[in-house]
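A lone chain, given as structure tokens: the form predicted alone.
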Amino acid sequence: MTPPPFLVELPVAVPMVLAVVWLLLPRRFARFLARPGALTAAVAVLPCLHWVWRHGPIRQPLGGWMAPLGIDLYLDGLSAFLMLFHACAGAAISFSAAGYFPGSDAADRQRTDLFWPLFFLVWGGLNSLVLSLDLFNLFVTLELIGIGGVGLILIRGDAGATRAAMEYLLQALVGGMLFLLGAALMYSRTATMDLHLIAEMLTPDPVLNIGLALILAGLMVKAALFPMHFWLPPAHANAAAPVSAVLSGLVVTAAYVVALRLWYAGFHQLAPMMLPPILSVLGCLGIVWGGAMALRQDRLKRLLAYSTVSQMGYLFLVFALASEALPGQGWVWAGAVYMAVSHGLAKAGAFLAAGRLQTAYGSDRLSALAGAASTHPLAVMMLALSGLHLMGLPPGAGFAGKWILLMAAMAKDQWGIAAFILLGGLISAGYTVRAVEACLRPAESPIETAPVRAPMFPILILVLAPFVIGILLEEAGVLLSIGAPVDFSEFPMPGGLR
């Protein structure tokens, strides 16, 4: 059955058009476009989801030019699942930002109005990224997302945000150049940028090996894998709360998803035997280092930023657990996706909750949040529930992902990795309890809090979504198996996770 025209392009085109329309319209009219525009961009994903579920994957050449001359978009279960994740998180963040950003003066309002075109630009870039099958197109979309991220950080307008934006720009340039150089080396040997065509021509070759190493190095910089995480804490901690939610909830996941797709598309054949253990060691160090630094922070948003470093360490463990000899590799692959999506939703909700508390108390220092549980109980509750997902407690998707990786580690006798997965959960519990305890501590004297305009329901949606995925895990697994490059056969999991 022939898919409807522009079906695959729709989730990319809608947010991009919204970004341009926002810039063209007078500001007093454009502001009314924020929430309806976000809902439109979210709904644009549903036709793709319906088609994949009913008819299977689609490979769509842009402009009618097939690879290797043209660029193909590939809609499969993974890309549909991730675009649904972007839709849920993007719509929730936009509804929260619409109440968060109205400024008190004209200069502030003029600066914060730029959030919306940049936000829609990043959203469209994220959807384009998960649909791309072309290495150069992946580079372009990664840079588009990076440039949008720099602009979003600068919206706050103070010295801390400017310095953080420059560090963010530096990592975007370094990571992008490494990725582009690796892609060029791949092209020099295969004469194509198409991932599927490259995978068919992979042979042991020093140039291809170096190309893969450079691509992975660029993606590790962009995904903030330890020790290449230096840019993340200041960028995420100094940005406005909705921007932190976009960056930590959506953007860092994008680079990891590219690495995951490349690895399972066949690029692992080029990897030397020592690469998976190296990635697992860096992942384990990231889990401990990020968690330990989160425990030491005295600012809530900086605590959450270091938590992202820790959680990204978990995701890179999958490369050491990927093995064609281990049955059910599809579930290992799906487990990594569950963890990435659960972390993205929970972290976006946590940053929005932290933003509410920061707005109310004028600071996000833990010492200043005493009494928050009594004045803003829902925000503190959402912060605690987000922490449950980061810890990996049932029945959320984060628990399912950690359990699958734990079972895979034990099946491969990787007991060290299994120990770090469990240790990371304990560290996550430590910094979550520390943040919530600061809010539960009674205030020494009555504190007047500022009014908060941002609604609470978007945070509730973000925090509850991982629970919904955990409950519908079988359906999510069926979706991810559509067009998957790995086998989804039986895997040793408890019955509730099948």
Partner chain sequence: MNPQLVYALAGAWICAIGLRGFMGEVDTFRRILGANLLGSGIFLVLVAVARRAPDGPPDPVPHAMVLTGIVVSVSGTALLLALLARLHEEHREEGEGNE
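Positions refer to the first chain, counted from 1. Note that the structure is predicted; figures quoted are calculated from it, not measured.
The same protein also has a form predicted together with the partner chain, omitted here; what follows describes it.
Although the partner is absent here, Thr203 lies well away from the partner chain in the model of the complex, with no heavy atom inside 4.5 Å. Among heavy atoms of Arg163, some come within 4.5 Å of the partner chain in the model of the complex. In the model of the complex, the partner chain sits within 4.5 Å of a heavy atom of Met193. Contact between Ile210 and the partner chain in the model of the complex is not found at the 4.5 Å heavy atom cutoff. Although the partner is absent from the chain shown here, Phe136, Glu143 and Ala184 each have a heavy atom within 4.5 Å of the partner chain in the model of the complex.
This chain appears without its partner; in the model of the complex, the one residue of Val150, Ala370, Leu197, Met381 with a heavy atom within 4.5 Å of the partner chain is Val150.
Contact with the partner chain in the model of the complex, defined as a heavy atom within 4.5 Å, holds for exactly one of Met177, Met410, Val281, Leu423, namely Met177. Only one of 184-192, 296-304, 249-257, 382-390 places residue heavy atoms within 4.5 angstroms of the partner chain in the model of the complex, namely 184-192.
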